[in-house]
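The chain below stands alone and is given as structure tokens, in the form predicted on its own.
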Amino acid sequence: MKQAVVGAIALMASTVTVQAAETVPGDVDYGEYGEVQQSLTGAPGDSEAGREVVSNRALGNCVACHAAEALVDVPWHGEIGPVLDGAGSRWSEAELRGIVANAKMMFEGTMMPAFYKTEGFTRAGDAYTGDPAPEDLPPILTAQQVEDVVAYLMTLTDE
């Protein structure tokens, strides 16, 4: 009986998946060229959810600056950012994660906003009052949304 209980506990322990804690914006580890090797969530991104973030003007609004053949159903693509077609072939997953989290770490002077940053720049104020926001504002995208966008961009290959 004792062996059966010990065996059952060992089996349960081996099937439990430990998920890493979410990396907060200030703790993101950028590489020498702006790449981010480690997932911000410890969980894989969902490419379908990433497509929603990329194409939705209320979320990432990537289409305000970027165009992509895969997003032909989304109107009003921008022309100031690079075309997203082939992004998964041009950049590695770590590079794409770095670009989405904070493109300025990789491309100095870029107009692309830092989607996963909360400090080190001037943030929006409190509506049209001219006053600062009443509390710290969250990043534009959550860590999971960044991972979802990266998963989606990895599907946009030249193959």
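In case it trips you up, residue 1 is the first one in the sequence shown, and so on. Just so you know, these numbers come straight off a predicted model, no measurement behind them.
Not on display, but discussed next: the form predicted together with a small molecule.
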Subject >> Single option in 111, 133, 43, 70 placed near the small molecule in the predicted bound form, where near means a heavy atom within 4.5 Å >> reply: 111
Original post:
Does residue 33 reach the small molecule in the predicted bound form, with heavy atoms at most 4.5 Å apart?
Top reply: no
Original post:
residue 90: heavy atom within 4.5 Å of the small molecule in the predicted bound form?
Top reply: yes
Original post:
Looking at the partner-bound form in the predicted bound form, is residue 151 within 4.5 Å of the small molecule by any heavy atom?
Top reply: no
Subject >> Partner proximity in the predicted bound form: residue 117 to the small molecule, non-hydrogen atom cutoff 4.5 Å >> reply: no
